[in-house]
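Taking the form predicted alone, here's one chain by itself in structure tokens.
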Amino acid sequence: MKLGNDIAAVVTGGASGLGAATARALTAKGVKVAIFDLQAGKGEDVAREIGGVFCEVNVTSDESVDAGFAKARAAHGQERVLVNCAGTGNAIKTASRSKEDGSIKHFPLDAFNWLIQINLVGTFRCIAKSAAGMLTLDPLEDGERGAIVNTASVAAEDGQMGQAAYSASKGGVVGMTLPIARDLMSEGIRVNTILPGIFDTPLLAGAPQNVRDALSASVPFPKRLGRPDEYAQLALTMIECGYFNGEDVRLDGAIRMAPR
């Protein structure tokens, strides 16, 4: 897909980190970008910076996502590009014994479901609603109507201790990528997923320097944290390269996560 000012995009989780970097990269190509996020202050700041529109959206809510797409489309028209970066994480062992008193507890199922609802169901909700809108568009070259990029994680393939819910949610994103690409193939909508490794996002920004150094040293090469603009670079390649479809690509400096 040739990106320019005749293309509209929606980036979920676009207020910070990987999403904000992608919103900036799309804007640099002339694309009109709408940001979906719950962080209103940061989202408004990024939207103002890129000349885009901010939509306060909770991806776990049909009504909120519908309202977000309505606002984005009223401002920019129907999007041909969707990048799903909205997500979160937690770390809780499946079952554990207290070192203090020997008491036993298990992963709270409401916490497990909460993560699945945001990372997996929320991603699918945005895909389904965006794809339905893309079907109303006239096809471009090669019959293409749109391109969707999702965000999973290397934890989808080698999750660490405490990441059962997170890995399940991200593994689900990986698992649904090809079936969705096949669902939409006759409509000219491509679907791909990025599996980021350890990236320098706001989640890690507050970590002590020794922790950041240890994480950097664990990456085979280059021995540093990934940069959000590197994620954005791959996202743009997936959007612009018309033969890129149904793929799940690790972006991780060749790291394979240890058990802990």
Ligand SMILES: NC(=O)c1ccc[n+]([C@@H]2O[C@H](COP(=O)([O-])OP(=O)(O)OC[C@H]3O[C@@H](n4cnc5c(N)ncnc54)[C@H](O)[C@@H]3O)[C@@H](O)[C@H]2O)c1
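Quick note: we count residues from 1 along the sequence shown, nothing fancier. Only a predicted model underlies this, so the values are computations on that prediction, with no experimental measurement involved.
There is another form of this protein, the form predicted in complex with the ligand, and it is not shown here; the text below is about that form.
Between the options 130, 151, 177, 167, the residue in contact with the ligand in the model of the complex by a heavy atom within 4.5 angstroms is 151. Taken together, 5, 181 and 192 are entirely out of contact with the ligand in the model of the complex: none brings a heavy atom within 4.5 Å. Contact with the ligand in the model of the complex, defined as any heavy atom within 4.5 Å, is confined among 22-30, 206-214, 66-74, 38-46 to 38-46. Contact check for residue 85: a heavy atom falls within 4.5 Å of the ligand in the model of the complex. At the 4.5 Å threshold, heavy atoms of residue 59 reach the ligand in the model of the complex. Contact check for residue 15: a heavy atom falls within 4.5 Å of the ligand in the model of the complex. Interface membership of residue 52, defined by any non-hydrogen atom within 4.5 Å of the ligand in the model of the complex, is ruled out. Residues 196, 197, 198, 199, 201, 202, 203 are the members of 187-204 with a non-hydrogen atom no more than 4.5 angstroms from the ligand in the model of the complex.
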